[in-house]
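First comes one chain, alone, set out as structure tokens in the form predicted alone.
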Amino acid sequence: MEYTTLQLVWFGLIGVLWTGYLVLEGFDFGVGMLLPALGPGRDAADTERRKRVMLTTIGPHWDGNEVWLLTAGGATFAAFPHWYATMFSAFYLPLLLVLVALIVRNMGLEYRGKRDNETWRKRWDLAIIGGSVLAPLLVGVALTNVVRGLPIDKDMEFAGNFFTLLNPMSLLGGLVVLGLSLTHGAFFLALKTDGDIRRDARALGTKVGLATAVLAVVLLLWLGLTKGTTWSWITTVIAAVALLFAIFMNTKGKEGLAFIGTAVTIAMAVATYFFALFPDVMPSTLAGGTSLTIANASSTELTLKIMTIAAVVFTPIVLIYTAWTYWVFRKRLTTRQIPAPVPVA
């Protein structure tokens, strides 16, 4: 199959953007999901302090992390418009639900502290938890469907329905992304906090990590046996080793290495997906259908050149700024640093 260097480059860059999103937003989702597990304390006041510590760890980062998703969608639209059109048509309802989940979750993060009222905070906590569960689950289902293949007809149009997406492999993919986010979030909390929350996050992270490892191995082996390539098998092995390394480091109290381990796991899982997908971008499961490839789904060469120039100029700026924000907010947090809530008039 003939494809140009720029088509190959942008296929890889979209994979990098999805990696950035799932690695960075993944621990955000994990922290949100862990509110009911790690939030409860000795009394109501201690519970509120614990929850505020947990949410403060992601406070400076969560909105910036979501930019990676927007950029991945925008890059797909510009570089591979046929891929974008077919994918967003097929995943219209799931992506709408992801959008609603993110909006509701973000409202919870912004508004839970606007009133000094326990009922108010509990309701927004439910929004944060629900959005943090639903978004990674649906993203995992969608990405797994892309790699697995969908009924796409000869006109490159999706010929299935919502229930076509709810197949066993894709549902397992959703659970794996959910579990990886939960484990990643637990290790992030252990890295960013001290005291009881740090201890509890480490203990829970090990348990969730082991359960996730089992699901991830099943998924990646299943994917490898049906769609695997040499490179996807290599990244599968690296992902498995990295996750086991992360769990082991967590048991030894080395939270930084544990967090790096889950970050590598997520990155290698995304790489596995893209290596298994290549050179397709959306394979068709229909006998007479047309698979979308990096060649037939691509924009013109001029468009890709302009995008490449823009990426070369702006990507380093974004990466430097992102790294700077993480450096500035690198210190650990404890409940002792949380003041009494001040109601907003």
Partner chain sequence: MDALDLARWQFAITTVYHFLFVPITIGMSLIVAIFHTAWVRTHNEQWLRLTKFFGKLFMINFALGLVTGIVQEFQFGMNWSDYSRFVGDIFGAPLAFEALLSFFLESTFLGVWIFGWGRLPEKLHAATIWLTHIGTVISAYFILAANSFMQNPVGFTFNPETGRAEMADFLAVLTNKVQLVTFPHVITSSYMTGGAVVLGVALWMWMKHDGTADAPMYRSAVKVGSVFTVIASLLVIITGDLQGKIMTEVQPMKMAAAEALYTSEDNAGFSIFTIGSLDGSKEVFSIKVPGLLSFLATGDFGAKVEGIKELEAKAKELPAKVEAQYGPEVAKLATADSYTPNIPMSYWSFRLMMGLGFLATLFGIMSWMAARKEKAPSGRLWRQIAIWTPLLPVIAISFGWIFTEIGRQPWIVNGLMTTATGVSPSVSAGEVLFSMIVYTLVYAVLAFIEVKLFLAYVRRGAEPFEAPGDPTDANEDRPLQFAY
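From a predicted model like this one, the values you see are computed outputs, not experimental measurements. Positions refer to the first chain, counted from 1.
FYI, the form predicted in complex with its partner chain isn't displayed, but the following is about it.
Trainee: With its partner chain left out of view, which of Thr206, Thr71, Ser232, Thr144 would have a heavy atom within 4.5 Å of it in the predicted complex?
Mentor: Filtering the options by heavy-atom distance leaves Thr71.
Trainee: Met107, Ala211, Leu257, Leu166: which sits within 4.5 Å of its partner chain in the predicted complex by any heavy atom?
Mentor: Contact residue from the list: Met107.
Trainee: Given a 4.5 Å cut-off on heavy atoms, tell me which of 308 to 316, 272 to 280, 26 to 34, 39 to 47 is the interface stretch with its partner chain in the predicted complex.
Mentor: Contact criterion met by 308 to 316 only.
Trainee: Can you work out whether its partner chain is within 4.5 angstroms of a heavy atom in all three of Gly179, Phe188 and Thr226 in the predicted complex?
Mentor: Contact check failed for every one of Gly179, Phe188 and Thr226.
Trainee: Within 4.5 Å, heavy atoms only: does Phe245 come near its partner chain in the predicted complex?
Mentor: Phe245 lies outside the contact set for its partner chain.
Trainee: Might Ser89 be said to contact its partner chain in the predicted complex, defining contact as any heavy atom within 4.5 Å?
Mentor: Yes, Ser89 sits close enough to its partner chain in the predicted complex that at least one of its heavy atoms falls within 4.5 Å.
Trainee: Could you tell me if Trp222 has a non-hydrogen atom within 4.5 Å of its partner chain in the predicted complex?
Mentor: It does not: once its partner chain is placed as it appears in the predicted complex, Trp222 has no heavy atom within 4.5 Å of it.
Trainee: Taking 4.5 angstroms as the cut-off for heavy atoms, does Arg199 touch its partner chain in the predicted complex?
Mentor: Flag for Arg199 set to no.
Trainee: Just to make sure I understand: among 76 to 96, which residues lie within 4.5 Å of its partner chain in the predicted complex, judging by heavy atoms?
Mentor: Those in contact are Phe77, Ala78, Pro81, His82, Tyr84, Ala85, Thr86, Phe88, Ser89, Tyr92, Leu93, Leu95, Leu96.
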